[in-house]
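Given next, in structure tokens, is a single chain: the form predicted alone.
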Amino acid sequence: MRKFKRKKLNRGAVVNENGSVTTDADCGRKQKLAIIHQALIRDPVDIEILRNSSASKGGLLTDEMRRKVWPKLLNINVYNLPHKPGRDVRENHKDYNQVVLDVRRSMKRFPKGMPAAERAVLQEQLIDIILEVLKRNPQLHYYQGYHDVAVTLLLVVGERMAIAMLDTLSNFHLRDFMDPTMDSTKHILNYLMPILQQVDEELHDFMIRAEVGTIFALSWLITWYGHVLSEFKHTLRLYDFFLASHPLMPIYLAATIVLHRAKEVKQTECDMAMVHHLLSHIPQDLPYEVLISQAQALFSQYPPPLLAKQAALQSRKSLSISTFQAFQLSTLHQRPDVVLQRLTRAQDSTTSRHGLEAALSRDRSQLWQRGNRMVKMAVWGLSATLGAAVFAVAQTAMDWGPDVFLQLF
């Protein structure tokens, strides 16, 4: 008779053959990592499983997995990354001084206990990353808080991948924040109150009477909460979620945070300053997994088009919203990294296009070209929409002074 190798314990734990104990949580974690790994090696990559895994409980679990999955969520070829910026990236750049000021003040965004010398190196890289992306995209305009997004990417994926990811995010998810004015950002914030009205009309009416507006959530939105959360692990969990979601998901999460604090808000004096002060200081002990699940439910129940009609908003004003469908389509036909590596080696060893095509099978070649065409269509559509822009989103804030913009919120 075969021996049982594991014996059940109470509370979902098992004793393994070697005497070690494995909990259901450990098993679930290993199973999820295995599912993600299988999605990554599938050809084409199973992007839907990666999105679902990123948004579901626990997110991507490890930084190692994030380094593999985040690029796929943004349709980035890991074997065709931008080169490290040269020293010329800082020359005569209109945003250089402001970027340097913001980065120098970003000490709290680096892990506690990091040696000063190591942090100094990363801060120099952070400056170069931001300036490189802005140099590549003259239609984009720097805003204070942009560096909070950039530093999160840098700490997880490194300099070259951070440039590639920030470039894509800036042209899609963050695009509305990088206009020459804050009109598009205000447009996104305008979705908050209609969501609250749908779920808790009493809370909505209280906030209307207090005339608190939505500016308290501005720094949450434009930094993907990186500026306001003290625990880096919580920031990473939210980045897993947002990278896999619609560009408006951060505002749905903002709604769940306000709803989570509804009782506290209603017990506050109905005064603009009092309510703003309460809401602008985000608690650090939020139940993030619960709020993420609720944000997904709200998005499904009250999708942006429904809210846009009720709030007399026009989705076409938002470049992030209008280009998201094309962006999602462009991610569907990505090759696994092992195939990309093989293609890169073949390309490096072949001097002619004919030689490269001979190295590929017809079906893979067609899939590769199909994916590239979809990316190009998305980029062309975006470029046609963007037009030319001249002034920085943060110009007004810079006129106030270097610390005012984010500290107000």
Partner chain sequence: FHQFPLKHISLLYFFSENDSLELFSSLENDNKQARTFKIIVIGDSNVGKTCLTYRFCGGSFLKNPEATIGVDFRERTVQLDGERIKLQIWDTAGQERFRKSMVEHYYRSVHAVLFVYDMTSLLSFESIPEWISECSRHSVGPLVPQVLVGNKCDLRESCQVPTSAAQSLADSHNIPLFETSAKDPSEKEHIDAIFLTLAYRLKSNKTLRLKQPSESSLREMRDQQEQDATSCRC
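Bear in mind that the values here come from a model prediction, so they are computed numbers and not experimental data. Residue numbers count along the first chain shown, from 1.
This next part talks about the form predicted in complex with its partner chain, which is not shown.
Chemist: Going by heavy atoms within 4.5 Å, which of 127-135, 235-243, 267-275, 299-307 lines up against its partner chain in the model of the complex?
Modeler: So the stretch in question is 267-275.
Chemist: Here the chain is shown alone; which of 286, 332, 215, 199 has a heavy atom within 4.5 Å of its partner chain in the model of the complex?
Modeler: Answer to the contact question: 215.
Chemist: Which of these residues, 118, 231, 183, 88, gets a heavy atom within 4.5 Å of its partner chain in the model of the complex?
Modeler: The residue from 118, 231, 183, 88 that makes the contact is 183.
Chemist: Can you confirm whether 105, 148 and 177, the three residues that make up this candidate site, all sit within 4.5 Å of its partner chain in the model of the complex, judged by heavy atoms?
Modeler: Per the other structure, all of 105, 148 and 177 touch its partner chain.
Chemist: Under a 4.5 Å heavy atom criterion, is residue 294 part of the interface with its partner chain in the model of the complex?
Modeler: Although its partner chain is absent here, residue 294 would stay clear of it in the model of the complex, with no heavy atoms inside 4.5 Å.
Chemist: Heavy atom to heavy atom, is residue 101 within 4.5 Å of its partner chain in the model of the complex?
Modeler: Yes, residue 101 sits close enough to its partner chain in the model of the complex that at least one of its heavy atoms falls within 4.5 Å.
Chemist: Residue 223 versus its partner chain, in the model of the complex: is there a non-hydrogen atom within 4.5 Å?
Modeler: Looking in the model of the complex, residue contacts with its partner chain include residue 223, since a heavy atom lies within 4.5 Å.
Chemist: Is residue 252 part of the interface with its partner chain in the model of the complex - any heavy atom within 4.5 Å?
Modeler: Answer no; every heavy atom of residue 252 is more than 4.5 Å from its partner chain in the model of the complex.
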